[in-house]
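The chain that follows stands alone, in the form predicted on its own, written as structure tokens.
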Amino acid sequence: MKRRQLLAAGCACCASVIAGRAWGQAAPDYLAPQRFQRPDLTTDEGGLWAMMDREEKALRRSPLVLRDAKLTTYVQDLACRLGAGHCPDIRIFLVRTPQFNASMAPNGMLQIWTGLLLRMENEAQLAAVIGHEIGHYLQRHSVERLRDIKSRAAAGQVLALFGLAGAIGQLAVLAGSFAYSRDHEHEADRIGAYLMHRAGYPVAESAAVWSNLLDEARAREGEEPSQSSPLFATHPVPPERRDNLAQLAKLMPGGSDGKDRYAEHTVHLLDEWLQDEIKRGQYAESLVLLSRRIAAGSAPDLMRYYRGEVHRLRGMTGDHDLAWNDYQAAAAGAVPPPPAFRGIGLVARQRGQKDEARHAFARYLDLAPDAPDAALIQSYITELSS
């Protein structure tokens, strides 16, 4: 029987193998193959490895790669716990791009974009994503996709799925033609679930990742997720995927989500990532994300400030009142972000509340005297004082 057939059957037969024994307590051999040897350059797989090697060299020099040694080491260690014997071949690159994406090349290069990191609520959710990508890697799915592509021009475009410039600029165009098949995605989900369970994480968090993304995609009024997101257009239908992962979680209970560890390693970058998120201009999706983070108690003052920014920038009916409320809540928080006072000032100035605007602007400059917009804010104070 082929490896894929065995893996597909694994979930169905798990309950009957040994009474009370959940699938995943013992790793099937084909889930943990030996480390891959570099293929001969004359083969199609060898050619793909060579392309990925060139891409990796370019990626190392890219200004978009996050140069945060502590966070990179943390994610690398997580990937090693999941990949076990394949750890020496996995190389992590954190890329400053606000979209949700991760991809692992056949040579072991694993890109994770900061838009994805922003959406992870704990270490277990990141483990779910990395485990899924390692699943693709272990089963050589990218090589199978290459063999499915016949023309040389199309084969060259496979690189764009992994490459920075190509993936960012052409994701929507390329996804439909070069995405992994639905079978591949389900297979990677099952492997990822096993790997995170083996590493001590609750598999239920893998379902939470897709549930959260589904909520964001649905926020685009009048559009189904498969229409509004290249990610959902190329993956199994989100409710189906979420429900399948939830079923796997029942078979593999237990684990710790590592929420505090994840927060410790990412909190210093949240402001930067949130700035990038706002610049995407996908306000409905950002509001869902920010509201979820506030409800979870994740840096709530900072999240309230940015939710206020989204409302102010969107400017729909009632948005300025919502922005005002969020700015005020952020400014009254335990760790008030200085720009929250600028937000209060901007809304008050627009409303004609001169004294309140002037006071808020002054407070902002007291807290952030070297802010890049300090001169502009000072000009507002002068204007409001006249």
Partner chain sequence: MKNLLILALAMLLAACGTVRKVESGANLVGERMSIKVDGNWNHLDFPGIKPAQIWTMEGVTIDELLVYSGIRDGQIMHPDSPASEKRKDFVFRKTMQTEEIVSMLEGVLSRDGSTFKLRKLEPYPFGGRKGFRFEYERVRKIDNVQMRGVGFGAIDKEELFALVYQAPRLTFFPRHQSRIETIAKAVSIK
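This is a predicted model, so every value here is computed, not measured. Numbering follows the first chain given and starts at 1.
Unshown form predicted in complex with the partner chain; subsequent notes refer to it.
Taken together, 95, 282 and 375 are fully in contact with the partner chain in the model of the complex: each brings a heavy atom within 4.5 Å.
A heavy atom within 4.5 Å of the partner chain in the model of the complex is found for exactly one of 99, 298, 122, 244: 99.
For the options 265, 86, 186, 312, the one in contact with the partner chain in the model of the complex, meaning a heavy atom within 4.5 Å, is 312. Within 4.5 Å of any heavy atom of the partner chain in the model of the complex lies no heavy atom of residue 328. At least one heavy atom of residue 350 is located within 4.5 Å of the partner chain in the model of the complex. Interface membership of residue 320, defined by any non-hydrogen atom within 4.5 Å of the partner chain in the model of the complex, is confirmed.
Among residues of the shown chain, residue 346 is one whose heavy atoms approach the partner chain to within 4.5 Å in the model of the complex. From the list 290-298, 247-255, 273-281, 73-81, the contact stretch for the partner chain in the model of the complex under a 4.5 Å heavy atom rule is 273-281. Contacts between stretch 54-77 and the partner chain, counted in the model of the complex as any heavy atom lying within 4.5 Å, involve 58, 62, 63, 64, listed in sequence order.
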